[in-house]
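Just one chain follows, in the form predicted on its own, and it is written as structure tokens.
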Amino acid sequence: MKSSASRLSLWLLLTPFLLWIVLLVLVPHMQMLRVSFQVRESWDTLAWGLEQYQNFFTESYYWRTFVRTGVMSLFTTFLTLLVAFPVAWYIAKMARGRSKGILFLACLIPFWASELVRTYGWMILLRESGLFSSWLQALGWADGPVEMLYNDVAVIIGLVYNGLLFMVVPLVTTLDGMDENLVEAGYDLGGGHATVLREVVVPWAMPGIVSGCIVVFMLTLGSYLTPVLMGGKDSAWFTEQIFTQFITRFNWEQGAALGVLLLVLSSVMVWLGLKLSGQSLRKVMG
């Protein structure tokens, strides 16, 4: 009787999660995969085929944008790691008492606002009449207004900023559990800063590094607002192509095919990251 009640409680707890996975993840993706293989012959006639995928490989703009988005997402993830690691190290190992909580809260506060608000905040700073342009002119480093928006650098700044918290949290969690005696032992054995970092700190933090990189890469790859708003009309981000096919051209079959390709790219990159780092998904996520 007690065992049956425990099983029932477990299923009741799992039901919302299973419904969420099935209804909001599996079913939409299966439907998107099905639509991607449909070929519209007339307004009420559909056939099956690979036309959408052939369009992707024959239209250079599609696959160039696809590659560009993947490369820029990798670069953004790497930059986010470089920025987040010292911050996480300071919070986990150097901050003491309440200052640790305050610093962690300081990283969290910007994310109380939506991505749209954060992106507009950067646009206010980087635009031609923005704060940075005014400072450059006031210091005499620029003769006139400087436009810092609508280029790849602005896009990467916005994406790194949006991904920072998702890199800092797993790094702090991992580094917090590292025994400081390991670092001291590394120095006692004659290792320099670079050697200790490479041989002691990074291997210990590797699950957090991989976990943060996976999350930041997937968020960056699927980002839409930041590349469009900060990159302008020439941002050429792959999610923009998907949006255009679905919403502007009402070509759901092509949009679904591009969505499937983006999902495949994300899955392959995550798999490669796990293989190259020697980590498992279970260890990284938990």
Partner chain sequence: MIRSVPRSRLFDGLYLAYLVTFFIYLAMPLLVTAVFAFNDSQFPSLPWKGFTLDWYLANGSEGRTGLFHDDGLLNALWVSTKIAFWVTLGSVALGCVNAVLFERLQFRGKEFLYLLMLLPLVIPGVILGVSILVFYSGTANEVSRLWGFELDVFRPGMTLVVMGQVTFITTLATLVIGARLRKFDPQLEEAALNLGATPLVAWFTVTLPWLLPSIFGAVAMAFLMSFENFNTTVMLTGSDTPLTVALFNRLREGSTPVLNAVALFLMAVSGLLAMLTLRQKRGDQ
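This one's a predicted model, so the numbers in the text were calculated from it and none came from an experiment. Positions refer to the first chain, counted from 1. For the two forms, the rigid core is made up of the largest set of C-alpha atoms that agree within 1.5 Å on superposition.
There is also a form predicted in complex with its partner chain; it is not shown, and the following applies to it.
J.: Taking M32, E184 and L281 as a possible spot, do all three reach its partner chain in the predicted bound form with a heavy atom inside 4.5 Å?
T.: Heavy-atom distance to its partner chain in the predicted bound form: all three under 4.5 Å.
J.: Hey, in the predicted bound form, does F243 get a heavy atom within 4.5 angstroms of its partner chain?
T.: Taking the distances in the predicted bound form, the answer for F243 is yes, it comes within 4.5 Å of its partner chain.
J.: Please tell me whether any heavy atom belonging to T65 falls inside 4.5 Å of a heavy atom of its partner chain, as the geometry stands in the predicted bound form.
T.: Judged by the heavy-atom cut-off of 4.5 Å, T65 is well away from its partner chain in the predicted bound form.
J.: Is F37 a contact residue for its partner chain in the predicted bound form, using a 4.5 Å heavy atom cut-off?
T.: Output for F37 is no: heavy atoms all beyond 4.5 Å of its partner chain.
J.: Does any heavy atom of V200 come within 4.5 Å of a heavy atom of its partner chain in the predicted bound form?
T.: Contact check for V200: no, nothing within 4.5 Å of its partner chain in the predicted bound form.
J.: Residue by residue through 208 to 232, which ones have a non-hydrogen atom no more than 4.5 angstroms from its partner chain in the predicted bound form?
T.: Counting only heavy atoms within 4.5 Å of its partner chain in the predicted bound form, the contacting residues of 208 to 232 are M218, G222, S223, Y224, L225, V228, L229.
J.: On a core-based superposition, does L274 travel 2 Å or more at its Cα between this form and the one not shown?
T.: It does, since the L274 C-alpha is displaced 2 Å or more between this form and the one not shown after the core fit.
J.: Core-aligned, does L13 move its Cα 2 Å or more between this form and the one not shown?
T.: Yes, because once the rigid core is superposed, the C-alpha of L13 moves 2 Å or more between this form and the one not shown.
J.: Would the C-alpha of V25 be classed as shifted by 2 Å or more between this form and the one not shown after rigid-core alignment?
T.: After core superposition, the C-alpha of V25 moves 2 Å or more between this form and the one not shown.
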